[in-house]
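Next come C-alpha cells for two forms of one protein chain, structure 1 first, structure 2 second.
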Structure 1
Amino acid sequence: MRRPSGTTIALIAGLAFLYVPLAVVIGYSFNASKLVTVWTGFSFTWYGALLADEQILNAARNSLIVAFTSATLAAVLGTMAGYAFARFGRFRGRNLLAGSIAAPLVMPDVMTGLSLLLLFVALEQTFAWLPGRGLITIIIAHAGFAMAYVTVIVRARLIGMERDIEEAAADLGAKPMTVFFGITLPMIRPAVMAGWLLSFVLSLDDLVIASFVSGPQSTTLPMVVFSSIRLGVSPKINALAAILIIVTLVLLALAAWMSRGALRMRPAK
C-alpha cells in the first residue's frame, strides 16, 4: 500500500486545523446541556431559544439588510470600475482609481474603520441635515471595501473574454450602451454574481468596520455575538454559529462555482 506523501499529510493537517473546530461548534450546537463543553444529549433546544431571542433576530435582520444592499451597490460600482480598467486603456485618473480600489484589499480593517468614522463624524458636523451613524453608514462602508473584490473579479473576466461579438455588434451599428447591456453584461454575469456573493459574505461576517461606523440602533449580528461571548459562551451562540457557518460555506461554494468559468483565460486559437 502506498504511503501518503508529506504534501498530503500537510494538506490534511491544514484542513483539519481549519475545519475541525467548526465541526465541533456545529456538533455542540445540538447539546442539551447549558454548559457548552459538557455533552449531555442530543437536542434542538438552543435552536428554539435562538429563534425566540429578539435581540439576535433584530441584529440578524440588520445584517441581512446591510449585506444585501451593500453587495448590490458593490456589484454595480465594481462592475463599472472593472469595465473601465479592462476596456478604456490609459485614461486620466487611472492610477488614482487603481490605488483607491487596491487600498481596501491591503489596509487593516481597524484603519479603514477609524478613517470612515472620522469621515462620517466630519460630515455630520458640516452638514447638520445628514442622519447620524446607522445602517446607511454601515452599507456605505461595506460597499466601499467589497467593491474592490468585485472589480478584481470582473476585470479578470473581461480581460480573458473574446471581443469578437462585441466588435461585430459595434460594426453593425449598435450603440456602446446597447453592446454593454445586450452582449457584454450577459457574458460577464457569472463574474458579477460571484462578486455579489463574495461581497454578501464579507459584509455578513464583518465586525471591526461595522463597530466603528454603526450607531446605537444599528447593531449587526457579529457585534451581538462578540458582545455575548465576552460574558461567556452561551449554547445559543453555538446554534447561531452553526447556522452562520453553513450559510457562509454554501455562499462561498456557490461563488467559487460561478467564478470558476468567469475567471478562465480565453482559450488558445
Structure 2
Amino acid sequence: MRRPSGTTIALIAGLAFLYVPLAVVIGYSFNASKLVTVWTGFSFTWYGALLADEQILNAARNSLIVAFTSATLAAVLGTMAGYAFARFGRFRGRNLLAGSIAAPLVMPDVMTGLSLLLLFVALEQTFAWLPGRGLITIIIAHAGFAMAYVTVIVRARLIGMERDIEEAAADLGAKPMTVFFGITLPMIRPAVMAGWLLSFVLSLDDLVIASFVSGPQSTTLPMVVFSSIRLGVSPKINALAAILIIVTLVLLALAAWMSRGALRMRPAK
C-alpha cells in the first residue's frame, strides 16, 4: 500500500476537525439524560420538548419568514447588480457600487448591524418610516448582505458564459427583455438559485445583525438559541442544533439534485 502523503493526512485531519463536533451534537441530541455528557439511552424526548416550546416555534416562524423574503429580495437585487457588472463594461460609479455591494461580505457583523440600526432610528425620527422596527428591518438588513453573495455568484456565472449566446438571440430577432428572460436568466438559473439558497441559509443563521435591527416583538431563532447557550449547554438546544444541521443538509442535497439538470444543459467545451 502507498504511504499516505502529508497532504492526505492534513485533509483527513481537517475534515475530522470540521465534522466531529457536529456529529457529537447530533449524537447527544438523542440522549435521554438531562445531563448533556452522560449517555443514558436513545430517546426523542428533547425533540418533543422542542416542539412544545412556543417561544422557539415562534422564533422559528419569524426566522423562516425573514429568510424567505430577504433571500428573494437579494436574488432579484443581486441578479440585477451581477448582470450590470458582467455585461455593462465601464459605467459611472462602477467601483463605488462594486465596493458598496461587496463590503458586507467581509465587514464585521457588529458594524453592519449598528450602522443599519442607527439608520432605521434616524428614518423613524425624521420620516416616521419603519416605526418600532420588526421583521421588516431584519429583512432589509439581511437582503443587503445576502445581495453581495448573489451578485458575486451571478457575476461569476455570467463572466464564464459566452456572450455570443445572448448575441445569437438578439441576432435572431429577440428584443433585450426577451433575451434576458428567455436566454440569460434560464442559463444563470443555477447561479441565482444557489445565491437564493445561500441567502436563505445566511439569513437563518444571522444573530448579530438581527439583534441590532430587530424590534421588541421580532425575535428570530438564532437570538433564542444565543440566549439559551449563554445559560449553558442544554439537551433541548442539542436537538434544535441537530435539526438545523439536518435541515441544511437536506436543503443542500435538494439544491445539488436540482442543479444536476442544469449541469447537464451546459454546453460541452
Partner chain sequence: MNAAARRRAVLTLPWLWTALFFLLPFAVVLKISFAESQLSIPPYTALFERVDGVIVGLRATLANYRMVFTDSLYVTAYFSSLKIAAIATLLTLLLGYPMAYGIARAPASHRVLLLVLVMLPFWTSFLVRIYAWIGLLRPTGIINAALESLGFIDAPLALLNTPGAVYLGIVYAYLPFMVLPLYARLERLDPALLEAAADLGAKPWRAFLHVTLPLSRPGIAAGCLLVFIPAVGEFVIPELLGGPDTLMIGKVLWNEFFSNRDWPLSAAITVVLLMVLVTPIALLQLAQSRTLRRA
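Just so it is clear, the model here is predicted, and its values are computed rather than measured. One-based numbering along structure 1's sequence throughout. Take the two forms, find the largest set of C-alpha atoms that superpose within 1.5 Å, and that set is the rigid core.
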| item | value |
| --- | --- |
| Matching structure (the form predicted alone), either 1 or 2 | 1 |
| Per-residue C-alpha change between structures 1 and 2, L249, threshold 2 Å, rigid core fit | yes |
